[in-house]
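Single chain ahead, written as structure tokens, the form predicted on its own.
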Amino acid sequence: MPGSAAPLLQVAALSKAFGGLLAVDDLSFTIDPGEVLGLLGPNGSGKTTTFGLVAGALRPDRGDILFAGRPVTRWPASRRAAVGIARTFQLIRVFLSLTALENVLVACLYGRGRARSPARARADACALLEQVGMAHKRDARARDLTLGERRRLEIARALATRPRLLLLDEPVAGLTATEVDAAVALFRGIRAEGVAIALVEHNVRAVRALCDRVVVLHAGRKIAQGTPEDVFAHAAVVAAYLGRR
């Protein structure tokens, strides 16, 4: 349960600038094993940059990142993936010319805990597609899938690396209400398997349904943290989102 063990992820005094723009400014937070943490804020507040820093796509200018007690601040993304950090992207990244099954097979064969044989990888990939509700589309080319199906496919690929922490960047953006409900159920199932989740999302209903805690950013700085109920009532959060006090 969240809070019952040492943090899985510790982010301490993290900063990242792009030229004269300070995208992340002295940011600190933790994620416990099995916890779902929401990372919220207006567009341009530093949320996706934070994900890039945690996943290893970006190097911080200052600060430290610890994962399962190990300092990973200078590790490349591939090494972080190997110890259990996986992510999805705001702009979906799948191999459009490959089938859904082939997309997941790549991760099963080359990700963390890679399969011992092509046959085992295929079985694992089929099971993951079943888990995300995509078994019936396993032979469809990714280019022919809907937005919601591509999002589920990307999640299946991330799960194929057997993550301990899954970073989801706006996973329900553009989905219908029915698709959002299905996604929430999927994420609850992933969490029930012991995977911690960090969620960047603007859909308040999904955040309330999923998150144990929320961290809110504005102009790269943390302005609030707490339960969803507490944070959404916070004056600074209302001002940041709505532009009024």
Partner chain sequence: MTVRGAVPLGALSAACGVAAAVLLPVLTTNQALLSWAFLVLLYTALAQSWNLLGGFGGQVNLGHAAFFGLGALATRMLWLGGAPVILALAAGTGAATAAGIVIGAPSLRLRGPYFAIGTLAIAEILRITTGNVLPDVSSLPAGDLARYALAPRYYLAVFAAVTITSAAWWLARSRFGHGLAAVREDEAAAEAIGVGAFRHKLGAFALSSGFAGMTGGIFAYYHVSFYPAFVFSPVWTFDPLVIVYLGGVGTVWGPLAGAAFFVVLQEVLSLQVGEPHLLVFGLLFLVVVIAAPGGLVEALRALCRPGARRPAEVGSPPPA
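Note that this is a predicted model, so its numbers are computed, not measured. Residue numbers count along the first chain shown, from 1.
Keep in mind that the form predicted together with its partner chain is not shown, yet the notes after this line are about it.
Though the partner is left out of this view, Thr73 does not reach within 4.5 Å of its partner chain in the predicted bound form, counting heavy atoms only. Residue contact check for Ala127: none of its heavy atoms lie within 4.5 Å of its partner chain in the predicted bound form. In the predicted bound form, its partner chain sits beyond 4.5 Å of every heavy atom of Leu165. Interface residue remark: Thr161 is counted as part of the site for its partner chain in the predicted bound form, having a heavy atom within 4.5 Å. Heavy atoms within 4.5 Å of its partner chain in the predicted bound form map, among the stretches 166 to 174, 129 to 137, 145 to 153, 97 to 105, onto 97 to 105 alone.
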